[in-house]
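Next up, structure tokens for two forms of one chain, structure 1 and then structure 2.
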Structure 1
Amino acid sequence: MASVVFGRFSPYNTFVHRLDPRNKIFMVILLMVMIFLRIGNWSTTYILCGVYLLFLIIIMLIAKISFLELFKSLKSMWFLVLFIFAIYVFLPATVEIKETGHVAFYINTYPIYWESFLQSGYIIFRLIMMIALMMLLTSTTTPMNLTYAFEWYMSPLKVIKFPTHEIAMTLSIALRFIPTLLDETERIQKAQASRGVDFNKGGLFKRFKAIVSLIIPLFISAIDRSEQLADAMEARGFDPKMKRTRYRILKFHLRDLISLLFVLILFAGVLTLFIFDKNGYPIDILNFFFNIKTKF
């Protein structure tokens, strides 16, 4: 249920899992930016997309992420994909496409352009890559490490007395309780189903009642739990104002340096291409390497 975008942590110990979470977050951001830079004509863009996809597949293989899991989280997106597709293809094209585009066919006299298909395909690709990257990050990094990394990134804000530590603590507790609450939901759902509640059928009022019978016990148990947790933390002398030491200290290893350099070089390359492309030196990979000229 929870693994729509945020994949569940998969307990392996691969190269990707061992990377410093701060480094991983940074690299994921770089990769996302890269994916959003559109370079050259359509054939070039799609070739680059292919390269990114290959790169992603290789990392996923290294990290032992199952492709099935990715497909599962993408499955819930099919409606959005269809929506994007319909909007781009059937709504009137942009001025740019109208001037330079190629008509695929006419519906009555309404032109549908090839470029609209390419555009929607590109947007959907970016969406899928974003989800895949997020999944890669969350399924190779424990929630704990993620919050440590966030806290580290927020640490400059400490100078303006921003409560970074408290926020990180709140975040990590919230993350910690997601699976617990999901289990609890399932349990209460089953208990109410035994009392004849049907969560999938019935009129509006019945459904409303069914949801109430789920939400109220859930809230009560969540409040109970938080009270207990607060007591337990207090009993162990937790004080949010105090400076705390860490059991686990994030370290930047050689493997982080290597992977970061690799991603940085990739990023620099793509950025250079992008700048050239935008400053009057259009990039066309097919033409440059293979001397093939395409319409797109």
Structure 2
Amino acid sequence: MASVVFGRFSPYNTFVHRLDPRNKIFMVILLMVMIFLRIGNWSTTYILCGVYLLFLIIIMLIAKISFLELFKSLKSMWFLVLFIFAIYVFLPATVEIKETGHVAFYINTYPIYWESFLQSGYIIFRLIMMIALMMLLTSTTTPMNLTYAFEWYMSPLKVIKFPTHEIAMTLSIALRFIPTLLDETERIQKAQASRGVDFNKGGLFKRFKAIVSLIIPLFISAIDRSEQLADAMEARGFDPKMKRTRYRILKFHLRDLISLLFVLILFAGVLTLFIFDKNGYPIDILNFFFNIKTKF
């Protein structure tokens, strides 16, 4: 559990950390939408994946986010990665792949297509990018700033008496207690292991009993912490219906404008490729640059 970094804020004073949290949430949403814009041509798709990966690496270097932490967070996903790979490669191919695909090899008489490998790799890449972007957001933004940003986005709902502040406060508490509950899980797991509970060996029923011995104390601890937090907030006179002021006011700076324009330009370029592809005008970036090179 110590390897899970989602929800853990890294206190650095970098360019990414100083960005407005509202701007960061919007840019993360744009990047996620951009990743899911599927281009029909595989060479173009994987060139764009390389651009996304390069962009992520640069942002992580600027934000001083450790790549080792990202790999540790992805360590628990290997089973899901292998499952996705098996689903796309070994299950019967779609009609489109059967008609236009290229056979890589045969298992007896069962064909395995190169396009199945490309499709599974693209799905796995999108999954990893989503986790990396969310880790980048939570590692460079404090839970309180995330709460302010979500509340700002939900502020138009106040017209219909939607409890935006209560929802934002609940979200803030949930984000705040993710690292705490992970540490508590690790502590309980070590305590149960010292009492002879083995979480890695045994049959299905034995492992289920081991997990129950972990989950029940964790739920009891979480309920106890929630009661303590509620008592502390009530003792300090917290009233969610009262109008509140803030010590720190979120402001949009020049660095936010520059970063937003850069992401918007990147998004507009990918969206243009996607629209041309869907309208029957596919663009092959690899052949495009190859033709330019041969002309010169």
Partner chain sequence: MSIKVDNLFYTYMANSNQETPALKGVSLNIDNNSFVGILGATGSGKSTLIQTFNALLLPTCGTVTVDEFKVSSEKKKNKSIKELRKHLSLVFQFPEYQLFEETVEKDVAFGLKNFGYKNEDALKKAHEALLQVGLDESYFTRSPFDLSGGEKRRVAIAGIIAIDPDILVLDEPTAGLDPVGCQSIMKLVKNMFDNGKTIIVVTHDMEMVMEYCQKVFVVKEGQIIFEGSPNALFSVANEEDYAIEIPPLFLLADRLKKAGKNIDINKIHTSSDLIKELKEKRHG
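Quick note, the numbers are simply positions in structure 1, starting from 1. This one's a predicted model, so the numbers in the text were calculated from it and none came from an experiment.
- Assignment of forms: the chain in structure 1 is the form predicted together with the partner chain, the chain in structure 2 is not.
- Look at Leu68, Asn108, Gly196, Met242: the residue sitting at the hinge between structure 1 and structure 2, where one rigid part turns on the other, is Met242.
- When the larger part is held fixed by C-alpha superposition, the smaller rigid part is turned by 10 degrees between structure 1 and structure 2.
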